[in-house]
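Below you will find one chain, with nothing else, as structure tokens; this is the form predicted on its own, and questions on how it binds or moves follow later.
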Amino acid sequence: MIKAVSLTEELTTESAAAAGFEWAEMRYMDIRTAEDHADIEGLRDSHVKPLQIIAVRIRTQDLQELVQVIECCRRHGVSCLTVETEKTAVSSELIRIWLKEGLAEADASGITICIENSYQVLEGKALRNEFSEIRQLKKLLAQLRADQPQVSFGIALNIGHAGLLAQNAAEMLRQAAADCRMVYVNDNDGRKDYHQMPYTFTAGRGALTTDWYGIIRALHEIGYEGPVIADVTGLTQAAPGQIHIPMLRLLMSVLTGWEEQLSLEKRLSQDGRKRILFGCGIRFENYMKVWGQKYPPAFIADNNAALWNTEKDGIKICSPEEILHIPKEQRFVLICNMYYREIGQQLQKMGISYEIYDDAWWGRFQAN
């Protein structure tokens, strides 16, 4: 997963870099403005580490400038180009014609052109258009690939747009699968496209408007490793500039948490390490359901002495002291218990490194 942020006129590269971001998306017109003022090259001499542009976004009405956009991508080493279809009345057939004509004059090798899922607005209400459904986007991709087989095409899935249309974003990711080349993350209340930070909206206490747990689970299922771009333009436009950096640091922590979940299997599969689960309750049961067959634990550690030397799901339950019998470099300790803070303090005193297993990411609250 590549953590990136969408830059706007209000959100500066200095603020994003200071918050820990290394990658950014920019609109084509903003890049042209920056180039006119030598801002992008000037950043190389700045005291703040410059950002690298990972994606460029263009509006559909800018497609006649496609040759210039492709050249811009090449100048800045950009690998992804998003065609924005939000609130547009342009048909998919017209986009197909524009791309066919524009790409005939441009060398787009090494650049993936993505079509974004979107919506239209009628009498103030968001409604579906030709770019709202994955099946529609896949049909367009098939036509584009037939027209330009030498060009890479994909889908840019905007989570906020899906939520606005009450679509199941996790299922859309599964449907898009390998065709999904970029993911835009932002939150709204299901009525207006606010472009706010993830977890901002709830449908009552403890119930998220956007199923971020299911979305990360779906990204894992399809093996997604591409850009996840936080597009929080509504937030940065509304908030005063002096608090952009702390807000972006919070946003970076959100993306980092997602990255840790998406890379969990990679850590579980490391050779030469013994998987040790601390706790044998509900979180342990979830681990065994999701991961147990592929990555079985060496044993379970538990503080309940009455359980020592017994088994659960064929796995032996031992005293926490048993962990110390495993060489430090061979341990992979995963706390599977709701009292992970207390257990974490216990393990720290024992000099044992650990991770926390949160089963909410892996279907804990699903009926199945």
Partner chain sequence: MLEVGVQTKGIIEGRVTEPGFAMIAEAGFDCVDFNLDVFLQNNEIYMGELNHFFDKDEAQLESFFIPYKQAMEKYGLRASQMHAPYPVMVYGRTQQNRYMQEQVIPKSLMIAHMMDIPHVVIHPWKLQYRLDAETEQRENLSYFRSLIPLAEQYHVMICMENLYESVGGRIVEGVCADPEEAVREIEILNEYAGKELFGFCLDTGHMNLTRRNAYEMISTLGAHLKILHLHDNDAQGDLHQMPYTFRRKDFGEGVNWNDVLDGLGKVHYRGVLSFETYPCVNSFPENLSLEVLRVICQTGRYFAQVLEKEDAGWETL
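Numbering follows the first chain given and starts at 1. Computed from a predicted structure; not experimentally measured.
Note that the form predicted in complex with its partner chain isn't included here; everything after this is about it.
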Location of its partner chain contact in the model of the complex, chosen stretch of 137 to 145, 227 to 235, 262 to 270, 124 to 132 [non-hydrogen atom, 4.5 Å]:
227 to 235
Even though its partner chain is not shown here, does it sit in the model of the complex so that 294, 305 and 353 each have a heavy atom within 4.5 Å?
no
Mark residue 283 yes when one of its heavy atoms lies within 4.5 Å of a heavy atom of its partner chain in the model of the complex, and no otherwise.
yes
Does any part of residue 197 reach within 4.5 Å of its partner chain in the model of the complex? Heavy atoms only, please.
yes
Is it the case that residue 222, even though its partner is missing from this view, gets within 4.5 Å of its partner chain in the model of the complex, heavy atoms only?
no
Taking any heavy atom pair closer than or equal to 4.5 Å as contact, tell me whether residue 202 reaches its partner chain in the model of the complex.
yes
If you check 75, 100, 249, 289 against its partner chain in the model of the complex, which one has a heavy atom within 4.5 Å?
249
Which residue among 94, 177, 104, 254 has a heavy atom within 4.5 angstroms of its partner chain in the model of the complex?
254
Does anything in 322 to 355 come within 4.5 Å of its partner chain in the model of the complex by heavy atoms, and if so which residues, in order?
340, 341
